[in-house]
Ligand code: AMP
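Encoded as structure tokens, the following chain is the form predicted alone, with no partner shown.
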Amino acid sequence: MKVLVVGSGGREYSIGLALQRDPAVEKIWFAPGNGATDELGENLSIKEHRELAAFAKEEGIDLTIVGPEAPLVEGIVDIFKEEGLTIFGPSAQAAQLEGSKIFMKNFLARHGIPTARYLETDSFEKASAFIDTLEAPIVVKADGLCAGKGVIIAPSREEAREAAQGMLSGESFGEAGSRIVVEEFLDGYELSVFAICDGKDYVVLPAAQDHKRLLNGDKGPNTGGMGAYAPTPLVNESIYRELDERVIRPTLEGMEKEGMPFTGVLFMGVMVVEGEPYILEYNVRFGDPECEVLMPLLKSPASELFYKAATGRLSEASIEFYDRYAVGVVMASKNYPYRSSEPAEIIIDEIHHEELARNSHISFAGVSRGEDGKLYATGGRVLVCVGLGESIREARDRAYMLVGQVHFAGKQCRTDIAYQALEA
């Protein structure tokens, strides 16, 4: 099988690693990939979706997997399908679940899926009046895609008004903030739950927990994610059952009923409040760094999972996961998330510890290959050190042992990934 992976981050590198382990996969291409994906396959510089579809047709590519949200919202899946190509991901219409927070919240309301009380508006006066009905903190969201940064949790009503004003004026997020969602703050613990869907059927992956804040103890600014682990013991059978009955099934049925069957990854941002799951948001692709800890737990061939989902045949698949734990620690550049940093050479010590070598690996993200052939840290989140183990503690320890083997100027990481699970 020939496979094309669209994207350039740690998420796409991890999907590439899973495909590389699969004996059915003959060759992998990445578009555009990063400085390390060329070790797993071939990088392409094609950016335009129709040109990429033409390349896939010409090369006889059997399956395309789309990593990031932007190409999905732009309609890459529709373009590939027009050409008779097999592609994993939702149509542009279905991708509105992530592309528009207003579409998503209204969809949840229409189908009785539990979520926070909210108002969607383009009027500052209406937003302000609704803010007065809520207790602080208050959540204010820009409607459109903001690269994961369009959500503000305001500690007071005054700051919520300032956030709403900044978005609606175009000052904060440009066109993406021309309409906003204001919603009540749900107090509980957050989970990332992923379902691979084929329009009717689905496979739920082990629940993960992401660590969004920059600093230990969930302090500092929000980031794209500083680490993750899976499966989390914070999910029990009751929560999985509630998600199944009250969230995933009604979502797939609702999307089909509304003429946009959902194929791809349904990423549920879940807040558990007093044992009950509420949907904070939907995304239509894997989270990053959650993908980096989920892919190594996949026991079944990756091509079978993605291909059968893309062709509406998940009911024929028997998908298994290893009964193990994975912990991923993000190593970020010096100035992340405030501004870009100077490129820095990455040096990785040779691993002599056999158990560590067998039970850990690096997923590369913000890296480039220099003219000297060396790898350089050139992005914000540079790489993810992933440890595997029979317990969360063992996986965590191995992830941090690997962190100790990786060196580049200005490297930073949290030292407490998975702390909630270890304290539970």
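Since the model is a prediction, treat every value here as computed from it, not as a measurement. Each residue number is its position in the shown sequence, starting from 1.
The following text describes the form predicted together with the named molecule, which does not appear among the structures shown.
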For the spot marked by Asp198, Glu253 and Glu258, is every residue within 4.5 Å of the named molecule in the predicted complex through some heavy atom? no
If we test each of Lys212, Arg157, Arg324, His111 for a heavy atom within 4.5 Å of the named molecule in the predicted complex, the one that passes is Lys212
Looking at Val139, Leu168, Ala344, Leu305, which has any heavy atom no more than 4.5 Å from the named molecule in the predicted complex? Val139
Residue-level contact is defined here as any heavy atom of the residue lying within 4.5 Å of the named molecule in the predicted complex; does Glu184 satisfy this criterion? yes
Consider Asp78 of the chain shown here, and say whether it contacts the named molecule in the predicted complex, taking contact as heavy atoms within 4.5 Å. no
Ala116: touches the named molecule in the predicted complex, heavy atom cutoff 4.5 angstroms: yes
Is Ile348 part of the interface with the named molecule in the predicted complex - any heavy atom within 4.5 Å? no
Go through 157-165, 89-97, 279-287, 308-316 and give me the stretch that gets within 4.5 Å of the named molecule in the predicted complex, heavy atoms only. 279-287
